[in-house]
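Here you get one chain, nothing else, as structure tokens; it is the form predicted on its own.
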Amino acid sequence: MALVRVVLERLAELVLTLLVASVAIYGALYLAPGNPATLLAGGHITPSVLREIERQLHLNEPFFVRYWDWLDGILHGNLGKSFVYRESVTSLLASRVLNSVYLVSYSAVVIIVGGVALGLAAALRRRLGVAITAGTSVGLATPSFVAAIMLITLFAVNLKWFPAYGTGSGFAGQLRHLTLPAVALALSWLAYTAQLTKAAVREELGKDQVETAQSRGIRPRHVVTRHVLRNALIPITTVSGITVAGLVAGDVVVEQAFGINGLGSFLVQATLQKDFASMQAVALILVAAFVVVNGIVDVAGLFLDPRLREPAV
């Protein structure tokens, strides 16, 4: 019952966060300098034209009336109509969402698998740990756009192992096209996860139950899997979830660098073109993805650590 109660509390917080975020996203864009009606009128700015555009877009109605209509449309699957393309935003985002999901998922696998493996190796092998720590320190200091340039230069231009543009077709083609972008997007987060995993594992190795297990002659592999990793998974899971959530907002630069037609690149285009409906939809999707991933991590933490289920005193 305690677990159910805490999960319901987390869900309520998630819904409230999304509601507040939706108000902020809708309000911020309409409070920004520039009138959408003026932008759409182009070179034919007359009072009658502006009034007609405002009437069609409901810009002459009170803010909360417009917001409610927008939110009601989203709840019914209608993300609005693009001011620039004159199409449904939902149809414009359909293929782009999948490209971003593939890229973020690929990067998440690289971060979790690679980061935990490197961190575990660094914690258990002292000499190897020095090299891994040095390498991950460099990775932490490397921005994604710098990593993208280096990867394109080395593996796409010089070695010609991977393509440097687009998403490809078919599973094998997409995997090959998204390898460099996924690594560029994941590099700094992978380094951070590796260093945190190393610290968590080393902390667990110094605890009494581990020393007791080792003195009883239990195989080192079993000590690591049963006593070390099980307890170290709590901070690792939390940080891994946060990093994956951060990928959702951080893929804009990588998509631009590798010519990936995803949400990030579309957000840049919509911003440059002042396409308010598209900007609002993409921003809301990115915030929702970030909040949902964090919510999943919170719930996972409840299963890993029963102490989190206890009510705060």
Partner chain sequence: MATAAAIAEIAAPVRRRRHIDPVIVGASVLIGALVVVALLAPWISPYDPNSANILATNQGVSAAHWLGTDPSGRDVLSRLIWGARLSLLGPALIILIATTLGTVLAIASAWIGGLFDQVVSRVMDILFAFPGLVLAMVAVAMFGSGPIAPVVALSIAYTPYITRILRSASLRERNLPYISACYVGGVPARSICSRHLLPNIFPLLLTQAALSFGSALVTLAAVSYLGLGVQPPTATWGLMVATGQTAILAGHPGASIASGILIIVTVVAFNLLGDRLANRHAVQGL
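What you see is a predicted model; the values in this text were computed from it and never measured. Numbering follows the first chain given and starts at 1.
Keep in mind the form predicted together with its partner chain is missing from the figure; the text below concerns it.
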Quick one: of 212, 137, 169, 91, which gets a non-hydrogen atom within 4.5 angstroms of its partner chain in the model of the complex?
137
With the partner left out here, if you bring back its partner chain in the model of the complex, are 20, 150 and 252 all within 4.5 Å of it by some heavy atom?
yes
Its partner chain contact in the model of the complex: residue 146, any heavy atom under 4.5 Å:
yes
Does any heavy atom of residue 218 come within 4.5 Å of a heavy atom of its partner chain in the model of the complex?
no
According to a 4.5 angstroms non-hydrogen atom cut-off, is residue 51 in contact with its partner chain in the model of the complex?
no
Heavy atom to heavy atom, is residue 271 within 4.5 Å of its partner chain in the model of the complex?
yes
Just give me the residues of 152 to 167, first to last, that have a heavy atom within 4.5 Å of its partner chain in the model of the complex.
152, 153, 157, 164, 165
